[in-house]
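So this one's two forms of a single chain, laid out as structure tokens and tagged structure 1 and structure 2.
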Structure 1
Amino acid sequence: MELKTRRMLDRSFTTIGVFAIVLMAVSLVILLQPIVWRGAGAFIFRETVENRKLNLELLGRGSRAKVEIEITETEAARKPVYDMMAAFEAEMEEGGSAFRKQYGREYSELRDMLSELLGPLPGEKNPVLIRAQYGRTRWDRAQVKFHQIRYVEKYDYSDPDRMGVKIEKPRSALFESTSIEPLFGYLEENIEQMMLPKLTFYWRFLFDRSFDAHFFGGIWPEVLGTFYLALGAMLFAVPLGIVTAIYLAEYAGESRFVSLLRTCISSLAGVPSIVFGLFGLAFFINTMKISNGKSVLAGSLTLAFLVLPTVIRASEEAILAVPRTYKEAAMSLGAGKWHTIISVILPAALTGILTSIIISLGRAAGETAPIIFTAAVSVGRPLAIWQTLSQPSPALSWNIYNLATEHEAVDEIRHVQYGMVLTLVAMVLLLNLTAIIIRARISKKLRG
């Protein structure tokens, strides 16, 4: 090949490589930007006085004197609203059945929304659910509810060639010329005085357990459960995978059985993860009965089988990549085969083995399907280490899916979903970064 042609090819491959790197970086930014931006909303947001009241009464946090002063201020700002509601209710009593028929349903809807915004109204019994005992605790959700109070959503189907068009009409028009009509203008002017929003940094989101199905609190049980499952899977998969890799690389030789074994390992790597979940349920729980039902132990064993092919193949390739002269030099000095493997070959292949562990660890932390049937629950308390042998645990991957698809108030807790996603991504990156640093230090030590 001519020198000019070789240089042209080198430049072409360099350009393609740089373009691929830039494209990957842009893709990561596009993917991670909404996760970081919206996930940060779980930690940094504008809380209302209802959130400070909840923290004081439920968790004993905050200054009681300051919170009580704020509650007094907001009650004074809310009193005209309650007075207008009482006056309208009296007007309904005096107006007779026709008046109640005209305004009853609309007022009942308005009253429910005001209760969701401000908390229980005067004269109402204290609700059982925590979410109903307080108004909107986040200013962004309070603004959404306030918008629903101000406007009625309707759809215009007058054009048969188009889908229904959403139209927002002022709710005040429904109560025109009644004693409650001024309420809407008052709310618009005084909503901030009624809620007292303040910027807060909720770092305890990582370390609090959830209350009332993730309406309040944090995600500590999910974080801890994810750690248990990922590290437990590595505890089972790494020793078994490395021993298998040593056997295949140094002892097995070439035979039909070994060829079949390698084919099975490669096929196992391509099995859908949901199949591993069903296998874990059938084998570890129903057949082996390692626990009475779901447990972190069963989930860890299932995840271990899931990542085992990756550990075996990557470790085997790392062992085979060690120069043969290392083995010959050790054995020429009188070292036995097993001693040569332990003291020479494995240390030389350690960086490649750690790479397989890093890849497997990230996958185990982010898998959902294998733990659905074996380990995961939607809500639970943080587990002690000994409890992982017999009890299930929440996990970030499963709870992200569960909150996004099955929660009764998915829009109200959207910040929790994104906070879980951000935490899971950060956790996987942190675990991988830790493993990479350990691998780099070991490689430096081996090079002397």
Structure 2
Amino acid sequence: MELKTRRMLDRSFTTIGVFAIVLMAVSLVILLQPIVWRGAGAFIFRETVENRKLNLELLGRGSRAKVEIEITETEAARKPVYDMMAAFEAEMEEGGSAFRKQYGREYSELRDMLSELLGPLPGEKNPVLIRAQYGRTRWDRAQVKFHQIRYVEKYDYSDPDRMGVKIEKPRSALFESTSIEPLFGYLEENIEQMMLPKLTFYWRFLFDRSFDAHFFGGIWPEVLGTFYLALGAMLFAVPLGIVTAIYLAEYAGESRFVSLLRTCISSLAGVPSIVFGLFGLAFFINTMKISNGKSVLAGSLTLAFLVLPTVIRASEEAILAVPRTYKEAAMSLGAGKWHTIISVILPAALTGILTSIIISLGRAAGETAPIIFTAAVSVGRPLAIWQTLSQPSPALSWNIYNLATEHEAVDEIRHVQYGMVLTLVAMVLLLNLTAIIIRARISKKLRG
């Protein structure tokens, strides 16, 4: 080949390599961007007056005087709407059956949507479920609802080879020349006065329990559950892992037993997480009966087995990284092997071991499959520490799945799902970041 081509090949090879890396970074960005952006929406959003009402009535948060002023303000803005509706209802009453037939269904749909937007209409009895007691509490949801009120979705079926194409028609056309037609124009002009959207920072999202199946409130039980599960797993895995690592690094030679042990460790690392879940169910719950049904304890134990190989490997590396001279110095001073390990090697390897623990902690916090059958439930109170021995708990990872697929109003609570995802990702990435920083400091020190 000619030199020019060879050079070109070399250069393009480099480009492709760099391109692969860039692609990887881009996929990370693509993955994280919606999570961060929309996850932040769980914390920072524009709340409507309904949200302030809910906070005051349900939780006693906010200043009563201010909210009451706002309520009278919005009630004044809403009154014309209610009046128009009353007028139209009277018109229907008088209009006879033909009129009622023409507008009956359309009006009841409109009425339903208005009550979803603004909360129960005057004269309606107060519903039991919190989600029905208030109008839209988030301005973005209110705008979606408002859009539905303004426009009717129709479909154009002219193309026989595809499904209908959505066309939006103003809803006001349905009620042309009736007493309710001006309602749409009024809504258009005064929607902000009716809802009073205000930017708010809901930091309590992390520390509130959920109200009404995650329609409102926060994710504290899930955060706490994740916390318990991950910490519990480390409680079991760390001592086992460090002792094993000490054995492998300081005691064992190259015997057959040791190589068997190493194969076992790497096999354990390769066992699919769902198999751990089945094992946890079959062993800890059905056989050992450590708890009557799912419990945080059973989940932690299952997770402990899952992270054990990670802890062992990383701790062994950390121990091996301790300079031999330290050990030799200690030995020459007459210390026993065990004593050397405890008083010299372990303290020196501590930071390294700590990184391994932190990374494993992140891994345990994020796992879902092993806790499906052993620990996770969709609704539960935050547990006190002794209750973890016998009771199951919600956990972030499982509840992300649960809310994203099983909840009855998946779309309404998207922000909660994204908020949970962001919280979990932030938790795990922060742990990893800590580990990376610690490691960087170690290697800096090592390089002097």
Partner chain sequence: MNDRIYEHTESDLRSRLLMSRGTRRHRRLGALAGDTVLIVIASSSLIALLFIFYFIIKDAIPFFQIEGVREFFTSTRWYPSREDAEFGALSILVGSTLVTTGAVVVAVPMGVLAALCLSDILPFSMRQVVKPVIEMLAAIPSVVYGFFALVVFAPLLQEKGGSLLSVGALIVLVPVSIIGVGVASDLIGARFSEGSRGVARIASAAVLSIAVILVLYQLNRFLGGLRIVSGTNALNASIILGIMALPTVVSVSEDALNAVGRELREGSYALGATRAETLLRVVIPAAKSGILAAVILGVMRAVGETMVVWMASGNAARIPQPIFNYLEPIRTLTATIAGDMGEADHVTGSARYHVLFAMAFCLLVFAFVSNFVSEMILRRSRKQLG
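Here, rigid core means the biggest group of C-alpha atoms that superpose within 1.5 Å across both forms. If you're wondering where the values come from, they're calculated on a predicted model, not measured in any experiment. Reference numbering: structure 1, starting with residue 1.
A.B. asks: Here are two forms of the same chain; which is the form predicted in complex with the partner chain?
C.D. replies: Structure 2, which is the form predicted in complex with the partner chain, differs in this respect from structure 1.
A.B. asks: Using a rigid core superposition, assess whether Ile149 undergoes a CA shift of 2 Å or more between structure 1 and structure 2.
C.D. replies: No, the C-alpha moves less than 2 Å.
A.B. asks: Would you say Gly225 moves its Cα by 2 Å or more between structure 1 and structure 2, aligning on the core?
C.D. replies: No; Gly225 is a residue whose C-alpha shifts by less than 2 Å between structure 1 and structure 2 when the cores are overlaid.
A.B. asks: Taking the rigid core as reference, does the Cα of Ser63 move 2 Å or more between structure 1 and structure 2?
C.D. replies: No, its C-alpha moves less than 2 Å.
A.B. asks: Could you tell me how many Å the Cα atom of Gly17 shifts between structure 1 and structure 2 when the rigid core is held superposed?
C.D. replies: Its C-alpha shift, to one decimal, is 8.3 Å.
A.B. asks: Provide the displacement, in Å, of the CA of Val243 between structure 1 and structure 2, taking the core as the superposition reference.
C.D. replies: Its C-alpha shift, to one decimal, is 3.6 Å.
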